[in-house]
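Just one chain is shown here, as structure tokens, and it is the form predicted on its own.
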């Protein structure tokens, strides 16, 4: 999977997250920006879910912005996968 355009998924409703993905420059790796109402308590968990999902999908060089409103792991994972599918072409 290769990210080629900007895309987003999700909402800013309570218990949801808005995930925005954009292609990164070749060799830039993974850049994650998290804005969350629970970042102090769950920021590491959110980052781990994002990194695991990116690794599983084999994606490199992508910028991810997450505006979290208390989304659970499965919701965050689904939003991220939806945004990545919208932004990507399959190799």
Partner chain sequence: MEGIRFRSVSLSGRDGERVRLFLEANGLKLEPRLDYTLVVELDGEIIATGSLAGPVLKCLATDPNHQGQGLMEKLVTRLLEEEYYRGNWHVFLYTRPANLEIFRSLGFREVARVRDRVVFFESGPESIADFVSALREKRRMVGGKVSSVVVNCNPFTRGHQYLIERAAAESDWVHVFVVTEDLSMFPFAVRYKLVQRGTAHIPNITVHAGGQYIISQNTFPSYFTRDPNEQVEDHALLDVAIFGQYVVPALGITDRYVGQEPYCPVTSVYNRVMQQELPRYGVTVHEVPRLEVEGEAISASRVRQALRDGDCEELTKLLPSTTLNFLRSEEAQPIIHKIKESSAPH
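Residue numbers count along the first chain shown, from 1. Small disclaimer: the values here were computed from a predicted structure and weren't measured.
We do not show the form predicted in complex with the partner chain, though everything after this point is about it.
Asks: At 4.5 Å by heavy atoms, is each residue in 41, 45 and 77 next to the partner chain in the predicted bound form?
Replies: No: no residue has a heavy atom within 4.5 Å of the partner.
Asks: Is there a heavy atom of residue 7 lying 4.5 Å or less from a heavy atom of the partner chain in the predicted bound form?
Replies: Judged by the heavy-atom cut-off of 4.5 Å, residue 7 is in contact with the partner chain in the predicted bound form.
Asks: Using a 4.5 angstroms cut-off on non-hydrogen atoms, would residue 73 count as touching the partner chain in the predicted bound form?
Replies: No - in the predicted bound form, heavy atoms of residue 73 and the partner chain never come within 4.5 Å of each other.
Asks: Although the partner isn't part of this model, could you tell me whether residue 11 comes within 4.5 Å of the partner chain in the predicted bound form, counting any heavy atom of the residue?
Replies: Output for residue 11 is yes: heavy atoms within 4.5 Å of the partner chain.
Asks: Even though the partner chain is not shown here, does residue 22 get within 4.5 Å of it in the predicted bound form, heavy atoms only?
Replies: Residue-level check for residue 22: yes, a contact with the partner chain.
Asks: Listed by sequence position, which residues of 47-73 have a non-hydrogen atom within 4.5 angstroms of the partner chain in the predicted bound form?
Replies: Result: 63, 65, 67, 69.
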